[in-house]
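Below: one protein chain in two forms, given as structure tokens, structure 1 then structure 2.
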Structure 1
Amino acid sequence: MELVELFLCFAKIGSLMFGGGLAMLPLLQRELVGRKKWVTEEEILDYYAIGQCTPGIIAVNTATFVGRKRKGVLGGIFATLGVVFPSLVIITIIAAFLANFADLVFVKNAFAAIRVCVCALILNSVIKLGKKTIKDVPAAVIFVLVLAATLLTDLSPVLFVLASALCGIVIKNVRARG
């Protein structure tokens, strides 16, 4: 039964997810952290970091992670099929009947505003995550450095994730001794 629940829950997230992978964040916080308590905010951040370093779509990676955690390998597969199912239906219908969908004036107008809304929703999510993860000076330093490096250089995020993992180990060990 929980397999069906996983499928349906991620199908709901997939169908409400406007604006790409990052738009999943407010939905994950609401549905999975808040309502169902399947994962914590920290775990979502871990999944996102790993998703940045591995191939594939972030939303798919996150679904696989959450499903795997709840119900093993089958859970991972059901959650992933759930998150892609709405895309299959919606895109197929549009491709078959509404090829000029993206050119319709009302669609363009609606989406220009939806994109603004998605930014506001994600900003709220990021503030919430920041309050949880940036609690001391070393964490704040890592945040500022990675943010600056991502915005100012073309280096791969994989590098930043590995470097910050190393920093985490060094900081914790230095602290334990001092």
Structure 2
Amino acid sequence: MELVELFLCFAKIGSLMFGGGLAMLPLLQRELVGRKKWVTEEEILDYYAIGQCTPGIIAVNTATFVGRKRKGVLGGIFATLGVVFPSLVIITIIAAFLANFADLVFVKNAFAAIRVCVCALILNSVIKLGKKTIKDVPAAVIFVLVLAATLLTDLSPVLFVLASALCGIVIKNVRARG
């Protein structure tokens, strides 16, 4: 039954996810950390960061990590299928009809409004995560440096995640010695 629960939970997330990986973060927090309590805030951030660095869609990667944690390999498969299934159904339906309606003004306006909503959801998640994650001066410095670098360069997010991980390792070792 827990495999079905994993599938249904991620199907719900997958059906409400607009705007890609970043837009799903508030849903993941609410469902997996808040309601289900399947993972902690730190774990979801770790899974999300690893999902960002690995090939594939962040939502699929994160679902696989959470499912695997809950019920092993089968849990990873069921969670992954759950998050993908709604998109597959919805995109098939949209593809059948979108060509006929894509140029209508109200459709363009609807998509523009959805993009604005997704930006607000992402900002809300960033603020919540920042409050829970930036707990000391080194974390604040890493945050500011990565934020500045992402705004000023076109470097891959993978490089930022790897550099931040390296900084975390160095800081932890320096603190352990001192």
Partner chain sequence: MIYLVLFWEFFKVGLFAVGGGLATLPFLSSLGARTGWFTQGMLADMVAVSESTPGPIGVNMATYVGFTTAGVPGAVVATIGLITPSVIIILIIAGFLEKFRQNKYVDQAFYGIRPASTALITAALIGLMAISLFGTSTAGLLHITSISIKPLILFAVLMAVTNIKKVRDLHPIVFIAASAVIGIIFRFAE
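Take the two forms, superpose them, and find the largest set of C-alpha atoms that agree within 1.5 Å; that set is the rigid core. Since we're looking at a predicted model, the values are computed, not measured. All residue numbers here follow the sequence of structure 1, with the first residue given the number 1.
Chemist: Looking at the two shown chains, say which is the form predicted in complex with its partner chain.
Modeler: Of the two forms shown, it is structure 1 that corresponds to the form predicted in complex with its partner chain, while structure 2 does not.
Chemist: Quick one: once the rigid core is lined up, does residue 98 have its C-alpha move by 2 Å or more between structure 1 and structure 2?
Modeler: Yes, its C-alpha moves 2 Å or more.
Chemist: In Å, how large is the C-alpha displacement of residue 155 between structure 1 and structure 2 after the rigid core is aligned?
Modeler: Its alpha carbon moves by 2.9 Å.
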